[in-house]
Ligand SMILES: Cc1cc2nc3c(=O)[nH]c(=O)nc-3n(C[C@H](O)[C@H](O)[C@H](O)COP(=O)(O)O)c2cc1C
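One chain is shown next in structure tokens, namely the form predicted alone.
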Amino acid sequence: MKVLMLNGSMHPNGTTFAALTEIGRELEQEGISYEIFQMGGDAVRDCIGCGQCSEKGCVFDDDRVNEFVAKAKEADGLIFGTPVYYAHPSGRILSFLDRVFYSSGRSFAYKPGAAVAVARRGGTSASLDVLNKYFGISQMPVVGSTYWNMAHGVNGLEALLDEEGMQTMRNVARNMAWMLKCFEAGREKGIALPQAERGKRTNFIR
């Protein structure tokens, strides 16, 4: 089993990376492999709702969205990590995930997902609220912890000093591993996935 983690920071070795790496170490202890996908600092398009998505993903192929989609389709669980900018996730990760889920969200159904937010001080809980909405609309079980999935620090070294934050990350990993193992046991027992109804769209508000 494998968990794919998205580092939504342009800093490859910053606070977000430190939090995700702590999760990764614990996942390995549970016998689960992981990969941290680095968004990096290159430009990211917004979703324009053009409806030209394909099996490959987004019609625009000049950034790393479709590369991530291909990896996410093969992963068993997903974790999105973001720094906090103005009490909100980074605009980069939202543009990225809007296109990932608009083009390929149904491919992630029933895969456990966790959001992680890091900050110097405030805005983490609001950022988690935003990221968790991707899971909720895509039939993805949400992985929690013993506190909200957040850590604090100006940089990666400071984040490691946040003992409760790192403890929270390790518990995210344990909960993710437990959920993945439960799902695998269910598959082995022949428990079928729920069949979702589709096709009804109410285009007005009463």
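A quick note: this is a predicted structure, and the numbers were derived from the prediction, not measured. Sequential numbering from 1, following the sequence displayed.
Another form, the form predicted together with this ligand, is not on view; read the next lines as being about it.
- The contact residue chosen from Arg106, Lys73, Lys133, Arg120 relative to this ligand in the predicted bound form is Arg120, the criterion being a non-hydrogen atom within 4.5 angstroms.
- In terms of contact with this ligand in the predicted bound form, the residue from Leu78, Leu128, Ile93, Val84 that brings a heavy atom within 4.5 Å is Val84.
- Remark: Cys50 does not count among the residues lining this ligand in the predicted bound form, judged by a heavy atom distance of 4.5 Å or less.
- Put simply, Val154 is close to this ligand in the predicted bound form: some heavy atom of it is within 4.5 Å.
- Comment: 146 to 154 is the region of 62 to 70, 23 to 31, 146 to 154, 166 to 174 lying near this ligand in the predicted bound form, near meaning a non-hydrogen atom within 4.5 Å.
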